[in-house]
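Only one chain is shown below, in structure tokens, and it's the form predicted alone.
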Amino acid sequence: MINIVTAYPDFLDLYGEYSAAKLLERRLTDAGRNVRVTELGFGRYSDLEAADMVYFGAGTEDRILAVLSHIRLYSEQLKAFVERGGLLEASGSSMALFCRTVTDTRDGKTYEGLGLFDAEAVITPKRRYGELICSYSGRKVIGAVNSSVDFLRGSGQEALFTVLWDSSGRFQKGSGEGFRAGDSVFASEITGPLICRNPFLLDEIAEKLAGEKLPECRELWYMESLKAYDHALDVLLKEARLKEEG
């Protein structure tokens, strides 16, 4: 049985983040694996000792702060989960939860994060939107960033993706995006949801959970997701070329 825990799904559900866990469950069950999805959150408890993956979706800045005040109850359990190789993924501004500190410039307060990443998160008054093309393991990752949180990476913190193009100009070409810690902790500001818009990432995570390479998926939903990825990437590449030309 593969156990997936979705963290605070009622709070961290911007941009249809609920679909990430559902699609991951579908990919695994279509490949013949047994999957159980449970929830961790306000009034909901999941046994992290039995979990194979914990997923944090995107949320508003205020909701991130609300979750931060509660997730500290599970700080030691999450750290033990990561130390034993459990897969932890965070999308959008929820990656702030795992920084050393979270500073809210709106009221000047600084909060202690869970400290899985050598980074600081800073909530600003200004929201920024950009469509991104990034590189990861020789493949192109697509998605959007819609956030008012800046992330200040420490010198020892490894990035997850390399930015190839950002429509907003916030990320410079060749700069890093997101964070990773070892082979099991990943976080990216990119939403969409990320693994729904990038089927090869869905496959990679599913295979990590299964512990082996999965058979090729020929289901209609998966084939349509491949088409959607190819179309969106083509549109973004054309937009990038037009901006570079003039």
Partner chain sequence: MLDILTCKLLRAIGAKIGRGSSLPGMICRKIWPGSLKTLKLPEKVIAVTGSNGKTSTVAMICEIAEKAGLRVVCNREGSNQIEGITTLLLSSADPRTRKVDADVVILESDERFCQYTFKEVVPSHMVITNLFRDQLTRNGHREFVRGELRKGIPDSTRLILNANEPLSCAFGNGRKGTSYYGVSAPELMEEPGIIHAYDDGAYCPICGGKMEYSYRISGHVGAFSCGKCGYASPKADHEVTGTEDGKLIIDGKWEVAPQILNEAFAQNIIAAYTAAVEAIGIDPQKAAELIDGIELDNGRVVEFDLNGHPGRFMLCKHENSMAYNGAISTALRDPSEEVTVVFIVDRLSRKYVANDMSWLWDVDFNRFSDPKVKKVILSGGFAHDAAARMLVGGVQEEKLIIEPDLDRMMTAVAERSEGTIYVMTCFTDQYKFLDRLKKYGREAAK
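Quick caveat: nothing in here was measured; it's all calculated off a predicted structure. Numbering follows the first chain given and starts at 1.
What comes next is about the form predicted together with the partner chain, which does not appear here.
Visitor: Considering only heavy atoms, tell me if residue 201 and the partner chain come within 4.5 Å of each other in the predicted complex.
Guide: The answer is no: residue 201 has no heavy atom within 4.5 Å of the partner chain.
Visitor: So, residue 192 and the partner chain: in the predicted complex, are they within 4.5 Å at any heavy atom pair?
Guide: Looking in the predicted complex, residue contacts with the partner chain include residue 192, since a heavy atom lies within 4.5 Å.
Visitor: Is there a heavy atom of residue 125 lying 4.5 Å or less from a heavy atom of the partner chain in the predicted complex?
Guide: Yes, residue 125 sits close enough to the partner chain in the predicted complex that at least one of its heavy atoms falls within 4.5 Å.
Visitor: With the cut-off set at 4.5 Å between non-hydrogen atoms, does residue 33 touch the partner chain in the predicted complex?
Guide: Flag for residue 33 set to no.
Visitor: Would you kindly say which of 105, 146, 175, 101 lies with a heavy atom within 4.5 Å of the partner chain in the predicted complex?
Guide: Checked against the cut-off, the match is 146.
Visitor: If you check 49, 183, 62, 212 against the partner chain in the predicted complex, which one has a heavy atom within 4.5 Å?
Guide: Among 49, 183, 62, 212, a heavy atom within 4.5 Å of the partner chain in the predicted complex occurs only for 62.
Visitor: Only one of 156-164, 114-122, 127-135, 72-80 gets a heavy atom within 4.5 Å of the partner chain in the predicted complex; which is it?
Guide: Only one stretch qualifies here: 127-135.
Visitor: Suppose contact means any heavy atom within 4.5 Å; which members of 9-34 contact the partner chain in the predicted complex?
Guide: The stretch touches the partner through 10, 11, 13, 14, 15, 16, 18, 19, 22, 23, 26.
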